[in-house]
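One chain comes next, on its own, written out as structure tokens in the form predicted alone.
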């Protein structure tokens, strides 16, 4: 008995004809046939059920340059530019390089030059090492020229560029389709029958009796429908909402303050000396606006605090305090400015106050640092508060977040004494600093005219989020990658909150 000829619709024939020459990935098949990808997948599932095709999966990675990567692809990596300069000059002093590079670029060039062992520092001079490898520049240039490249595996060079945020990687799964030998022979010899197929019957088909002659498309109940992505809160915003909820449940009230303010409210009222490294323009963003005019009783008390301590048992910093320096406008470097303003306005009011907001510091981005970051900061004001209350708060707050491993160690801050640094355990990064705090110094309380003890904390909420959400790179907290945000298992992460 002769085998029955395969029955094909015209769409079946069109799609299968493209596969006569060689196997093809589904995206390419959709593009060549000019048929929506969802229709192609539906047909492939049907062909698979009939045994006409074979499928093969291949995992690939699409690599594109970030904005910083584009810049370096055009100009060359900072360390490579440094290498080329040293090739011409043999050796240079650090002061010579400061005249060639701006400070930020020089820092990047030196950091990565030493890390990659391209340069050495010897007898006061920078020199080339014996390990000159500029292949990273060639890789960046290749990606730049092709706009994006496809890789089957992630090599060390790619991991390094990803760590420096010079590239973006998007994992993809390619599905390749190929004909089986029997159907291929039938198509080549014309051994098939064309039939009209309908997936939906009309009332006219039924009334006229035409439905008896039609081939009805079979429903495949095992085939998965197209994915529908619903709107969702950004993973980090969701986390901050959870933290806000926890603090409100603990009896705190929320406050906020301005991003731009004079150094006076960011540093001086917190007893940070005017020559402190944190106030340097290479650590703090200055705002190119006219300084504010500082006046009033608080300015006099802060001046006295810096110069002489302001209280009996303190000698202050023993220097001449400059109002002009305190008047300069900056982007705030911490949200403690919100707390100190609250104290100034409310004095001895018993209170528990917090603020979750952004801060800005001149920092090079890496896995645990960002020039723009959130801080969860607060104070507790009351007549009987002690340092133990602060440690108990840190412990309770961390447990409510689901953080089980926490340790404390003494540290130093200009505006608190005693001071503590709480470190938490991240399953991939190990122990990371995240919970700094202490008791406001008596000099500050005197300047604010506050008699009660004040417990202050400025939690690195970004790092807490990394531990809770099990994220290894702080930049992912601000990711706009739709694929990452869609596929992140947000409910698993928050199930312990």
Partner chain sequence: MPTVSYNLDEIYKSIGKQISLEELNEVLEFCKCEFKQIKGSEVICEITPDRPDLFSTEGLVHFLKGILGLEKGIKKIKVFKENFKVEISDELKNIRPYVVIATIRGVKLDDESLKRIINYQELLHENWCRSRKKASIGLYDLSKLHGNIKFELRKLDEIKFRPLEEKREMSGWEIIKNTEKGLKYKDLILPNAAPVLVDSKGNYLSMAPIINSEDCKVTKNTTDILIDSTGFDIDFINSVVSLMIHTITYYGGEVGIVKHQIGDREYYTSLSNKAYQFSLKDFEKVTGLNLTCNQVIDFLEKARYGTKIEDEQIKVEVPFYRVDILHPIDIIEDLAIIYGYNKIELELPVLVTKPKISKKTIIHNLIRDIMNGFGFQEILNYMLCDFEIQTTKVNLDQISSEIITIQNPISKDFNCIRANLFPCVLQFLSKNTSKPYPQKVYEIGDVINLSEGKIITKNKLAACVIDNIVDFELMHGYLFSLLENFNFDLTLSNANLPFGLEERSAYINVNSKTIGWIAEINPNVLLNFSLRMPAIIFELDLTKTFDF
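Take the two forms, superpose them, and find the largest set of C-alpha atoms that agree within 1.5 Å; that set is the rigid core. Keep in mind it's a predicted model, so treat the numbers as computed, not measured. Positions refer to the first chain, counted from 1.
A second form of this protein, the form predicted in complex with its partner chain, is not displayed here; the remarks below concern that form.
Considering its partner chain in the predicted complex, the lone stretch of 112-120, 204-212, 270-278, 127-135 in range is 270-278 [heavy atom distance within 4.5 Å]. Contact check for 248, 392 and 443: all three have a heavy atom within 4.5 Å of its partner chain in the predicted complex. Only one of 404, 95, 396, 196 lies close to its partner chain in the predicted complex, with a heavy atom inside 4.5 Å, and it is 396. In terms of contact with its partner chain in the predicted complex, the residue from 77, 381, 376, 302 that brings a heavy atom within 4.5 Å is 381.
Its partner chain in the predicted complex comes within 4.5 Å of a heavy atom belonging to residue 485.
Although the partner is absent here, residue 15 lies well away from its partner chain in the predicted complex, with no heavy atom inside 4.5 Å.
Contact check for residue 81: every heavy atom lies farther than 4.5 Å from its partner chain in the predicted complex. By the criterion of a heavy atom within 4.5 Å, residue 64 is counted among the residues contacting its partner chain in the predicted complex. The partner is not shown here, but in the predicted complex the stretch 303-325 reaches within 4.5 angstroms of its partner chain through a heavy atom at 311, 312, 313, 314, 315, 316, 317, 318. If you fit the rigid core between this form and the one not shown, you'll see the Cα of residue 438 move by less than 2 angstroms. With the core held fixed between this form and the one not shown, residue 170 has its Cα displaced by at least 2 Å. Taking 2 Å as the criterion, residue 453 does not count as shifted between this form and the one not shown: its C-alpha moves by less than this amount when the rigid core is aligned.
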